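Only one chain comes next, encoded as structure tokens, the form predicted on its own.
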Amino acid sequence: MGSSEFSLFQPSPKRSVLHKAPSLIADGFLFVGGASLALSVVWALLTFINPTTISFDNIIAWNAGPCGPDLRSDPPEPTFYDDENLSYAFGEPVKDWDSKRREWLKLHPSFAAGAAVDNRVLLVTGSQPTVCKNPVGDHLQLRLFKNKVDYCRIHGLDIFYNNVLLDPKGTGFWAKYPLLRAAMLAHPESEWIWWVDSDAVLTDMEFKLPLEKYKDHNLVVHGWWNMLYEQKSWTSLNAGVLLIRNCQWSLNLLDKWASMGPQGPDPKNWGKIQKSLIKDKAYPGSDDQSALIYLLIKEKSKWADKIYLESEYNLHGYWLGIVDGLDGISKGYMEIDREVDLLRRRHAEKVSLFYGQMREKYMREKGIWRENKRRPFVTHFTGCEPCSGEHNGMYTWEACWNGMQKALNFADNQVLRRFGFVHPDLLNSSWVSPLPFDFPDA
């Protein structure tokens, strides 16, 4: 075995209970007697109410009850859903959302129980409603979606994939804002809505969002404050992957944010205003990233305190600086697995996060928990346009294609390992081979 930190796998000495035997026996008789009497009373009452359908088996099933959120009932008391004036679409603002959501949770206590309510995340993503122009576009969209489904399954997150325009004016990067608003109303049980662009790959399947870190914030995007305020740069943040809290503040922000796009009254003018402020903005029209930068600069006192610019890990990682290093990153992780016996132990996919935390501890101790050595959390293929194929002229399609294959297979290897297989070559998606026992030290 490895170090003493993992002594929890070692059997603990059994405690003797022989000296307590008389007391245990007496308590046992009292417990059995009391339980039998209680069951008899319940059985008699239920039989009196409905003598034709009640059996002992029914009582046991009736007493068992559901575990976790109750998905089979919805109390009759009125909620915000019964308000005919409530609209899922932009137009009429949603008011007093925090209290409305709080009342809904009171009526559905199984969703509000414990600390889980503070960490419940709904991942939202999507693509265009039509067939991709790029011949391999739909294949890539499927693999990109599978990647997000894999992550959500491992982490116990909900996921919603949308492929329709909820607002016909909200196309391109503006399409997500009507969806984020609707998702908040459709999922009052979720504390966070996590938007991930369709062309982003989750490349660390064990990484857990550090939600406690954001307890005082309502919006999290990747970025740097100095680039935002000193340089006013378009690349100071990225709006393609974001966490937004399900609250009134966020709904207000979405209303303001979307008003600068095609859903608003004057999107062309907003493009000019953004361009005058953000000198390296290339897109002539109004875009959502520029709109957020504008709000943070021009309305700083209203929004900035509740926005977290994350730079300690890749909530958004620019693909061009990542994909060539993925093979080296894989080797670094395998070195740790060779050193720590428990990390090579076969285990069920459901307990993967336990081993992920174990690996994180060792990688920090070895100094491998740094950028370019750790797995990037998100590898974002900005500019590649996998569906249309109309990629940015800075790149070739071959570079985009090979990069996406490497990133997707890099992530898939972390999933397939739990099933006993691996992609030996990150550029060959169709080739997998079985893993030997005790991999990678076999």
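These figures come from a predicted structure and were not determined experimentally. One-based numbering along the sequence shown.
Keep in mind that the form predicted in complex with uridine-5'-diphosphate is not shown, yet the notes after this line are about it.
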Of Ser259, Ser250, Ser233, Ser198, which residue is found within 4.5 angstroms of uridine-5'-diphosphate in the predicted complex when only non-hydrogen atoms are counted?
Ser198
Contact assignment for uridine-5'-diphosphate in the predicted complex, among Val221, Ile278, Ala175, Leu296, heavy atom within 4.5 Å
Ala175
Region of this chain that lies against uridine-5'-diphosphate in the predicted complex, out of 343-351, 88-96, 119-127, 360-368 [heavy atom, 4.5 Å]:
119-127
Even though uridine-5'-diphosphate is not shown here, does Leu165 get within 4.5 Å of it in the predicted complex, heavy atoms only?
yes
In the predicted complex, is there a heavy atom of uridine-5'-diphosphate that lies within 4.5 Å of any heavy atom of Arg375, even though the partner is absent here?
no
Using 4.5 Å between non-hydrogen atoms, is His380 touching uridine-5'-diphosphate in the predicted complex?
yes
